[in-house]
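There is one chain below, alone, in structure tokens, taken in the form predicted alone.
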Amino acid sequence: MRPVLLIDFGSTYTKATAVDLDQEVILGTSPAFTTSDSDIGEGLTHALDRLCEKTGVLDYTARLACSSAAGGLRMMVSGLVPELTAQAAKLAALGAGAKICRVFSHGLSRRDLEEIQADPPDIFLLTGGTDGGNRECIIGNAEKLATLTVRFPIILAGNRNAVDDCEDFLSEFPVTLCPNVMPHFGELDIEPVQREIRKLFLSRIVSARGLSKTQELLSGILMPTPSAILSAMVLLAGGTDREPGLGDLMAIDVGGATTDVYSIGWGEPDDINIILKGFEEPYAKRTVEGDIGVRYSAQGIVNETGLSQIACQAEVTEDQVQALLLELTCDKSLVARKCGDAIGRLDDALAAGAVDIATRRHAGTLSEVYTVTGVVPVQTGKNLRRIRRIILTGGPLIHADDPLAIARRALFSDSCPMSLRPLHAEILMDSQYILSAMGVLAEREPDVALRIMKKELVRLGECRATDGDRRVAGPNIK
């Protein structure tokens, strides 16, 4: 036996997973409420004690972890125009596992600077201009950032002809220089920035989050949790040289603070008459909705979905919804006491709303443009209509009474006919919370991680956008 311990410090729960590399099996999993407000090690201790009750005492060959505790890696990004460099910076940050709390376009205003001063980010990504293009915007923003009294890491990834001046202004900040995220018009180069974001996470954010107190227990904290899940999804879709993957897929992770959506596939137009507008979307894409979660961000779901619709789906009155939300605000660890109780029904309604909102924001859209030759269909963003597998993860989905009904909210809907969401899909469940663990394990043992995922992801059935879901009994993925 070669046991390995894999830990995910989440915003709401800390999950511990024990894996035997020789047998390629999950030995046990255990969640505990994350105690980031006090000592994050307390939640880890609870999780490990519960895991030990299942597995017995194990002599782990390695202890590896990922983390999004205390809200994850908070980033602000700045670019020249929303549709170009600002969007490129956003794609780079999200793909690296960050939670974007603000996107600035054009020159930073006085109010922008006041906002940054009042609530500084963990990392600021400063971009703007193609190489040889506009210099004034990024240099001006660097000069304005230099007037702040707070200091934070800055990744500089803009017009190469402006970076020297920017570095001069930002001499008192810890600055990391990267290649331009958009060196030429419409061309992305985001991988170098993503690597640097991950390095900064490891060197700075771990300590800031209090995770350094657990370092004596761990072999290493490798990456932010969203980055780990994205790594697992890329592995599951593409496979390895020795083990085939499953092909293009989506994953939806509903949590207490955020809802993340991942899509693996190119997402190009499925008709030669459709014109693609904007960037070519990345093969592995992640979006995070910081205002959508079933505990810390429950009000965001209600605000967008509507109080009456949430109340109707939860089978309670609007006043009861408000009372339950207040109760959840006071006690984030509160869970349903029994199947079908009011909190459980509200959680299901909130999870369904989160899935609907987050997938609409993630997927591309179609629109019609009128030209002299007639109406032309235009695609903006990623086409997900051909995705045939969706993986559900996160406590609100894993513990839902009817996860298939919630999953259907990720599909095409007559209420949003121009959204390029999947038409029908096989639904898989990460019932043991292993995706982040497998993403961490994939750094060292990709074949093992892939085979474990293919064994452990539970096949729930199929959902169709038009005729409801068809429950299909069957074994797990082989």
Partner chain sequence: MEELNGKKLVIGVIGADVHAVGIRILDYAFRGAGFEVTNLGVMVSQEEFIGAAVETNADAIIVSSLYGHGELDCRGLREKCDEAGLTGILLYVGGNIVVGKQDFEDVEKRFRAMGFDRVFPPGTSPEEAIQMLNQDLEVE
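Numbering follows the first chain given and starts at 1. Small disclaimer: the values here were computed from a predicted structure and weren't measured.
This protein has a second form, the form predicted in complex with its partner chain, left out of what is shown; the following refers to that one.
Novice: So its partner chain isn't shown here. In the model of the complex, which residue out of P244, G132, P174, G306 has a non-hydrogen atom within 4.5 Å of it?
Specialist: Looking at the other structure, the residue within range turns out to be G132.
Novice: Could you work out which of A146, I275, L326, C312 is the residue within 4.5 angstroms of its partner chain in the model of the complex, going by heavy atoms?
Specialist: Selected option: I275.
Novice: Can you tell me if L156 lies within 4.5 angstroms of its partner chain in the model of the complex, counting non-hydrogen atoms only?
Specialist: The answer is no: L156 has no heavy atom within 4.5 Å of its partner chain.
Novice: So, V150 and its partner chain: in the model of the complex, are they within 4.5 Å at any heavy atom pair?
Specialist: V150: no contact with its partner chain in the model of the complex.
Novice: Classify L84 as contacting or not contacting its partner chain in the model of the complex by the rule of any non-hydrogen atom within 4.5 angstroms, answering yes or no.
Specialist: Contact check for L84: yes, within 4.5 Å of its partner chain in the model of the complex.
Novice: Quick one: does V234 come within 4.5 Å of its partner chain in the model of the complex, counting heavy atoms only?
Specialist: Result no; V234 lies far from its partner chain in the model of the complex.
Novice: Tell me, please, which stretch of 132 to 140, 287 to 295, 341 to 349, 257 to 265 lies within 4.5 angstroms of its partner chain in the model of the complex when heavy atoms are compared?
Specialist: One stretch meets the cut-off, namely 132 to 140.
Novice: Going by its partner chain in the model of the complex, which residues of 175 to 201 come within 4.5 Å of it through any heavy atom?
Specialist: The one in contact is F185.
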